[in-house]
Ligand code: COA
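Single chain ahead, by itself, as structure tokens, in the form predicted alone.
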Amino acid sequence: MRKVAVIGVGCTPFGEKWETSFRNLFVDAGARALEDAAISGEQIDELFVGNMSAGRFVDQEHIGALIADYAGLATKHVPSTRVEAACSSGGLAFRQAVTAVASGNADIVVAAGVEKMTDVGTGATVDTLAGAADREWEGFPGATFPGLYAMIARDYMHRFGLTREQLAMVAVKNHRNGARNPNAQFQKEISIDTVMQSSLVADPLRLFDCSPITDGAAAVIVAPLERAREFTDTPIQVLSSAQASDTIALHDRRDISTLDATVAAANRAFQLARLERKDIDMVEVHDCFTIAEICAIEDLGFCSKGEAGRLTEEGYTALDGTLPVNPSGGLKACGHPVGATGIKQVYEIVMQLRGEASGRQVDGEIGMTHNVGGTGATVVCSILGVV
């Protein structure tokens, strides 16, 4: 297997993008990545596009072909594949691109993600997202994703003593980071009182515990490491990318406060990279809700179960902490265009490792991403490092 490197990245601003279309979002992100890598479309061998549900959000299917067409690659017959794994679609698209290059099947591959979520009403969006859970056993009886993660939060708080204030501190930290990210949907700092006094969504989760509905796209370009310096002076090596699955329904899990797929994917990623937890300098985790970040820090192995709330309170996960978590602002503040989130995480780690994350820059040479589908039925973890 060949070693793989990221040679170019691009990301649109995230938010409610009424003035642009689904296809234009992708073209914008792709053009930014091509410019960053200083290559032309003619050099691309293959595309993998993460997208959860364009069929319901914008009434468009056949996404792979659409993207190839509007990227100007259809007449060159470049293969383009849509990848779907709910909110981990982007992370899985990245893993597929890395595998294609590592196997020798392709040299220059684009991994991208895109979602346009605001073209339908909030009710339709919530119902579409519920399709990432078990529709028959969770969705039809009325469970929404805030409701499912609220069950996780209640179980966790009962068992491990997490306080409501500590949960709010996750949102406060991520909004502080997002305020320093020009691509973030929310660029304003908030207080613990803001979180605690916001509208109740699903007890104990309030509005500011939840990631927003977002439009956006991101793209990264990968190539063999041995060729990477043909395109950039700052290649970032993909040290590993691992995937794991679990039951789609929360009630079938061994322990609803532990995402076993996160544990498995992280263990595989560290084994493949031949690294230990102490080697990681920063991590982008899937904080679709504040409780998800708490669980992720522990399930990835950075601390023991029940410790993440205290560590968050002590500043361990802040930009200037021992392990900066979600320097981009995470899903909570940067935004969560579900198909694009996993690619945005890679984009952020690459920008950090290059030293180009102005205003939110952290020190380090190795970063990690953690992208979750549903309540943990699919998880993708990737580790990247400075060459």
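In this text, residue numbers run from 1 along the sequence as written. The model shown is predicted, which means the values in this text are computed figures rather than measured ones.
Keep in mind that the form predicted together with ligand COA is not shown, yet the notes after this line are about it.
Among Ile152, Val109, Ala296, Leu129, the residue placing a heavy atom within 4.5 Å of ligand COA in the predicted bound form is Leu129. Checked against ligand COA in the predicted bound form, the residues Ala184, Ala71, Val98, Cys288 give one hit for a heavy atom within 4.5 Å, which is Cys288. In the predicted bound form, ligand COA sits beyond 4.5 Å of every heavy atom of Gly139. By the criterion of a heavy atom within 4.5 Å, Phe302 is excluded from the residues contacting ligand COA in the predicted bound form. Proximity of Tyr156 to ligand COA in the predicted bound form: non-hydrogen atoms within 4.5 Å are absent; the residue sits far from the partner. In the predicted bound form, at least one heavy atom of Lys332 sits within 4.5 Å of ligand COA.
Residues with any non-hydrogen atom within 4.5 angstroms of ligand COA in the predicted bound form fall in just one of 231 to 239, 142 to 150, 71 to 79, 270 to 278: 142 to 150.
For the partner-free chain shown, nothing in 341 to 372 comes within 4.5 angstroms of ligand COA in the predicted bound form, judged by any non-hydrogen atom.
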